[in-house]
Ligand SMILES: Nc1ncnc2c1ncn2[C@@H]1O[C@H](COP(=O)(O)OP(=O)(O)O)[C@@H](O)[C@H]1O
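A single chain, nothing else alongside it, follows as structure tokens in the form predicted alone.
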């Protein structure tokens, strides 16, 4: 099991005159709207718990006002929770003194903003150096680290230019390089690519994934775009009204959305291209069949039974399901059978996910 980099435990954030009283109302079942109507307080976060594995990309998804950006800011201590704990590497941020928290932010946490947040009077390399300068790093070292970061994002040749001379995509690369220069183990990205046109946005997503393959770090990425979340996220946390609705892998969300609100995020998205054979296994039916008939288990493991690889895409599975009346056995790399897929079970799961086929 992967180590946990960030752990949020029952985190709530209330803005208002009496947070304690508001929290009590929330715990007694008052909703966000009812709380505001009775107290004038706003519940930005309501009892959110999740664990973010070390080296993974977690996307915080939700509409405007869902609490995703507030949640991101609790992770670097910019927002203090009204209740609950935020632990980074097992250390509770609330227990840190302000100076300790600043050191953690400057040395272990990088942040990339939607608005680029570049300093107009500084050239590219000096913008990238800025965080290192604040942290007290010597000029020779910060120039070297900034140069390395610019090479990583493909902007080394533009080191002496100024922000106004760059395109939006290039400015966002500078913002990313500035975060990378501090060599963070935790990278926080708040709607980092949303200001870019679709082509540049995809380009930046692919750059981020390429950098992640080279240098595994923990990334928490805020987005309101489900296509972006599916493309880059190892796990996705879907939020609504300050609450966490579901936290799972992209394919788990697609094959088994928790409720209609989660399912609604996938409307208009061709989710079928993300599904694989393992997502279409009818685990309940397979378990029932195995328990009631040992012969079924033997059949599933028979080399003669038609089978598919666990990672086989949906496009490969559908023709085979129509060609064979018998179920398809899903097997892992070692040849072990993980479960069975029938045409009926596949259709049930596809209908739940809203996939277009």
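Computed from a predicted model, the values in this text were never measured in an experiment. Numbering follows the first chain given and starts at 1.
The next section is about a form of this same protein that is not shown, the form predicted in complex with this ligand.
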item: Residue 64: touches this ligand in the predicted bound form, heavy atom cutoff 4.5 angstroms; value: yes
item: This ligand contact in the predicted bound form: residue 69, any heavy atom under 4.5 Å; value: yes
item: Partner contact for residue 44 in the predicted bound form: this ligand, 4.5 angstroms, heavy atom; value: yes
item: Non-hydrogen atom contact residue 32 with this ligand in the predicted bound form at 4.5 angstroms; value: yes
item: This ligand in the predicted bound form: contacting segment from 23-31, 56-64, 313-321, 328-336, heavy atom within 4.5 Å; value: 56-64
